[in-house]
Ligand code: MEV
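As a starting point, one isolated chain is supplied in structure tokens, in the form predicted alone.
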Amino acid sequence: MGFGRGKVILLGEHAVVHGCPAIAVGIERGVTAEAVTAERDLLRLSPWDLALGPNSNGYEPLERAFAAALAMYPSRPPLEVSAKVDLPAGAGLGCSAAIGVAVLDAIDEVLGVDRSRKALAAAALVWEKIFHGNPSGIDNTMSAIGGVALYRKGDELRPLHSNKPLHLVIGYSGEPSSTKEMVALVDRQLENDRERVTKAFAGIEVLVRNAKLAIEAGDHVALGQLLDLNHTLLSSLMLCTTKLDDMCQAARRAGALGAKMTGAGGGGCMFALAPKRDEALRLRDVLGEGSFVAEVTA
């Protein structure tokens, strides 16, 4: 059985695309997949009831991504891959990367390919490029490896360590988000007002570096404050919706140590940091339908 985790970017999204560091976590909710030999190549996805073949020129990104994945295995029988997706699509939780990692993991298993999780993460970047054009690489890396890590594009993943788990409550706004469109939005702002956007990126980088120290020290009060500041900087780049802002504010009023949007923005998800598990469960009820608790160990 192949598996790809979902991910949450704690701090640093968008700035990471432009060379700044980011901190991300892998969560245990994600995508499972199984591959079997068959009469023709086919990818099935539930609960969406989708079945499609590989097509490198297809309109549907999944067709093109599936074709790119299969092209990595030049000598093979036809394969049918069935994937069960337990993440909302277009919500900032790395759904496309989790599908890619799970699909490649399942194909590796049925073909007897021995590949490390690190190598699996690198292979899944091919899949991610179909969906996002210029991905940072953080989604596919965290999906394959998990944990808590500092990431900078082009560098090795740097795992972070702490004896204090992170209690995250992830809430879905119900608004779809396109990473490709949001990255392009920030690119346009950078082109039109480089000084303003560069200052925002520099501020985000400072927050990321301080958050690394807070995580390692187990200082979640300080981490929560840094999350709130990162949310403000992302809002200044026009990435946050009214619904996401309202959810973050509701979580803070209910006792969250900090809350912010996560992922590309323009919709998708936010998350709140709770001081302990029972508080996380209470915040889940505050954030309502579609929210869930993720406990992450660094």
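In this text, residue numbers run from 1 along the sequence as written. Because the structure is a prediction, the values reported are computed rather than measured.
There is another form of this protein, the form predicted in complex with the ligand, and it is not shown here; the text below is about that form.
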query: Answer option from G90, P135, G203, G224, heavy atom within 4.5 Å of the ligand in the model of the complex; finding: P135
query: Heavy atom within 4.5 Å of the ligand in the model of the complex - residue from I27, A264, A251, A33; finding: A264
query: Which of 192-200, 213-221, 114-122, 177-185 sits within 4.5 Å of the ligand in the model of the complex, heavy atom basis; finding: 177-185
query: Contact of V17 with the ligand in the model of the complex (heavy atom, 4.5 Å); finding: yes
query: Partner contact for L287 in the model of the complex: the ligand, 4.5 angstroms, heavy atom; finding: no
query: A274, heavy atom within 4.5 angstroms of the ligand in the model of the complex; finding: no
query: Contact flag, L283 vs the ligand in the model of the complex, heavy atom cut 4.5 Å; finding: no
